[in-house]
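Listed next as C-alpha cells: two forms of one protein chain, kept apart as structure 1 and structure 2.
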Structure 1
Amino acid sequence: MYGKGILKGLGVTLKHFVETYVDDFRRGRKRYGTREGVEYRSSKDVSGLFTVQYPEEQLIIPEEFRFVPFLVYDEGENGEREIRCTSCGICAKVCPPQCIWIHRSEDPKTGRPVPEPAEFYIDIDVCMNCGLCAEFCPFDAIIMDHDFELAVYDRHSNNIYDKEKLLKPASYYQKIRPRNYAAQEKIRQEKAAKKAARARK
C-alpha cells in the first residue's frame, strides 16, 4: 500500500510523543530536578523527555571533563598558599597553541631562578582545552577545571587569566577530581616518604 512507510514513521513519532507522558507519569516527581532523575535521563533506558533543564539542573560532570586549566596551591597550616608550580615550563612548552606565559622568579640577591612563578598567564581566547599541560605537569600543579560558566561581556579585560585568577586550592581539586587526586596524592606521599628516609640516612 502506498503511504504505508509514512504511516509507520508517523507511528514511531507518535510513540515518542506518548512516551513522554507515560514516563512522566511513571516516574513522578523524581524525574526532574534530582540527581537520580538526571542520571536516568543519561542512561540507556531513557525514554520520553530527554531534556536536562539547565540551569535548574545540570548534567553530571565526569571527572575527566576538561575546560580551562587552573593552578593548584596547597593550604599551609597558617592559611598561607603554597603554590605547587615550580615554573619548570613544561606546560608552556607542550601547549599546542602556545597560550601559556610563565615568568620565572629569581632570587633578588643571587639572581638564581627560584622554583616559583613570578607571573603565570593563560590567554583563554587561545586555549584549546586539550589538557596536555595537566597531563604532562610533573608536579600536579596545573589541572583542568570543571567550571564552564565563564561567559563575559568584555574579553579584553577578562580573558587573559593571571596567576591570581588561576590559583585555586587543592581542596577544590579534590572536590572536582577525587579519583585523580587520591591517586596523585598517594604518589606524592610515597615520594615524600622516600625523601624523608633518604634524609634520615
Structure 2
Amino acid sequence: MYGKGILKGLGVTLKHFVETYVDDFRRGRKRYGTREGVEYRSSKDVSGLFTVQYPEEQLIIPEEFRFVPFLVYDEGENGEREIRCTSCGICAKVCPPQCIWIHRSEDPKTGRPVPEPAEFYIDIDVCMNCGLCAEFCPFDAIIMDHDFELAVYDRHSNNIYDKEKLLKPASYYQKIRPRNYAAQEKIRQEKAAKKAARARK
C-alpha cells in the first residue's frame, strides 16, 4: 500500500546489485572462467547477480536433470553389445506425445519374436522430456540423457534418432548418473542372485 511494495522490491534489487560487485572484488578472477567459479555460481551460497558466460562456461547439471532418452547397452567380455531393451513396447505405450516407435526382431527360421528391437526410433522434436519411458522400463534399458545441445540445421533428417544413434554404453550412464546407476545395479545383482539360487534348486 502507498508504494511500500515497490520500494521493498527496489531495495531487494539494489541489494543484489551491490552484492554482485562486492563478491566480484572478494573473489577476483576466480569468479569467472574457472571451474571453481562455475561450482560457486551453481551452489545455493551464491550472492548477488551473475551471468554464465555460455558456451565457454556451463552451470553444473544436477544428476536428476533429464533431456532426451537414450538406450543402454552392456559391454560383453568380447566387446559385443548386449542391448538391455527387449522391445516390450511399454515405453511406447506410456509416452504421452507418442514419439517412440519400436519394430521387434523376429527369428527368421521360426518367425517368433526375439527380445531385441530390430528398429527403435525417437522423434526428439516431439519428445517432451517427461521421463515416463525411463520410469516405466522394467529392464533399465532407457535412461534420460544430460545432453541438451542438440541444435541442427536440418531437423527433419537429424532429429529422428534411430537405434544406433540412441545406443550408449552403461559406463556412460554410470558417469552422468552415478547414484541412480549404483542403486539400479544393486537391484539387478540381487535379482540375478535370486535367479541363480532358484536355478540351483
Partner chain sequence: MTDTTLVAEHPLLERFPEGVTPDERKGYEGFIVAADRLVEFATALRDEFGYDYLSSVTGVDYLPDGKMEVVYHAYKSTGGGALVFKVQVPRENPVVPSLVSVYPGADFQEREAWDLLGIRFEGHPNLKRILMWEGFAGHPLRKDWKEAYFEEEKKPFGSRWPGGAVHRAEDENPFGKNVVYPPDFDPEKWTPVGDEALYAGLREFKKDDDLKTEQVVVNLGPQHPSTHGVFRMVVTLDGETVVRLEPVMGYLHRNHEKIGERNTYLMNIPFTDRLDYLSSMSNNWGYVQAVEKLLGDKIQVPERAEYLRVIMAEFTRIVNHIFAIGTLLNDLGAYFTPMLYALEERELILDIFEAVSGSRMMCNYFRFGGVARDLPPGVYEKMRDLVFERLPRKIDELDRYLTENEVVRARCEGVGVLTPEEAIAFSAAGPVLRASGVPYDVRRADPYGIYDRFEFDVAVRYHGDVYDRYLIRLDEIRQSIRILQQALDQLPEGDVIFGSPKYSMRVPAGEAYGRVEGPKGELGFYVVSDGSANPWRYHVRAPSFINLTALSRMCEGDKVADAIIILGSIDIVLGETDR
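Computed from a predicted model, the values in this text were never measured in an experiment. When a residue number appears, read it as a position in the sequence of structure 1, where counting begins at 1. Rigid core: the largest C-alpha set superposing within 1.5 Å between the two forms.
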Margin query: These are two forms of one chain. I'd like to know which is the form predicted together with its partner chain.
Written below: 1
Next item on the list: Answer yes if the CA of residue 20 moves 2 Å or more between the two structures after aligning the rigid core, and no otherwise.
Entry: yes
Item checked: After fitting the core, residue 10 CA displacement of 2 Å or more between the two structures -> yes
